[in-house]
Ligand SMILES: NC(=O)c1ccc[n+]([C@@H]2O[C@H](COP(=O)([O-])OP(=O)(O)OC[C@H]3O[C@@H](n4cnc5c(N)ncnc54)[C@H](O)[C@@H]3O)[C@@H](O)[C@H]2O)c1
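Coming up is one lone chain in structure tokens, specifically the form predicted alone.
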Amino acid sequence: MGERVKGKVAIVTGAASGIGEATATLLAAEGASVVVADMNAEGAERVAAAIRAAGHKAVAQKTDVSSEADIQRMIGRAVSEFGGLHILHNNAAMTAGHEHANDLDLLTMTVDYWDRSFSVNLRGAMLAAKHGIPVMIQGGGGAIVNTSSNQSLAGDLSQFAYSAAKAGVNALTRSIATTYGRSGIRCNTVSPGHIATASSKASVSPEMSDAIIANNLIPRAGRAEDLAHAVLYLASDEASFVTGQLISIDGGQMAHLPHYSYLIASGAQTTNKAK
């Protein structure tokens, strides 16, 4: 690996598995000191230990991103362990299969679930930015990368709370970028499509996974590493002129008209009626 974020201090939330684990591991391999933050303390320590075993710097921090006190402790851990904060990847979200099972249509939505979804999927990113930005400014600036979802970009028959919260993340990104750009803060969003993590495999059936892949222009599911490399770029000085942007990491899922999968399956070349 190289040194694309050498000397920088990073926090990755939701880093005990999936996209967060891949991002924390890659940032560390590229020279960052990483706080591996997750509600799953055992999983966070496993990831941090693996990073240290590879010769890089990392500590684990148990963090419930819906708790402002936990967020403050997380930011404080970055400062006390590594001396500051330069990279914040707000990745934690409610993505477990049992959570999605409760996130159905609007008429079955409970207020308690709606509020809990927003507390993790949106408020967590807001709190981390609220307490992280002053530390970043004090250290000369920094980069925030928020994980959204393609669910925020188009309608579906379920996941009303998750999609609305992630749409809020997109707006939060633009507001942070606009307000704090002249203070040295960049903020961008990565929007995953169908990514083959343990969480998605537990919540998406093989049949549904195949149907989604049929609509990808690159005919496979995404990998956690696909997101990690995008986050690395946005966090690095290579993206010093990139802010306020949403980048879909989705194999082209959102880039075509809805009949694409039928054309591929049928071998047709056009929607025009055959003569």
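Only a predicted model underlies this, so the values are computations on that prediction, with no experimental measurement involved. Residue indices: 1-based, along the sequence shown.
The same protein has a further form, the form predicted together with this ligand, not shown here; the description that follows concerns it.
For the options 86, 123, 186, 166, the one in contact with this ligand in the predicted bound form, meaning a heavy atom within 4.5 Å, is 166. Proximity to this ligand in the predicted bound form, defined as a heavy atom within 4.5 Å, holds among 158, 199, 170, 102 only for 199. Taking the partner from the other structure, this ligand in the predicted bound form has a heavy atom within 4.5 Å of a heavy atom of residue 19. Using a 4.5 Å cutoff between non-hydrogen atoms, residue 95 counts as a contact of this ligand in the predicted bound form.
Though the partner is left out of this view, residue 149 does reach within 4.5 Å of this ligand in the predicted bound form, counting heavy atoms only. Looking at residue 39, you'd find a heavy atom of it within 4.5 angstroms of this ligand in the predicted bound form. Picking from 132-140, 104-112, 186-194, 173-181 the stretch near this ligand in the predicted bound form, with a 4.5 Å limit on heavy atoms, gives 186-194.
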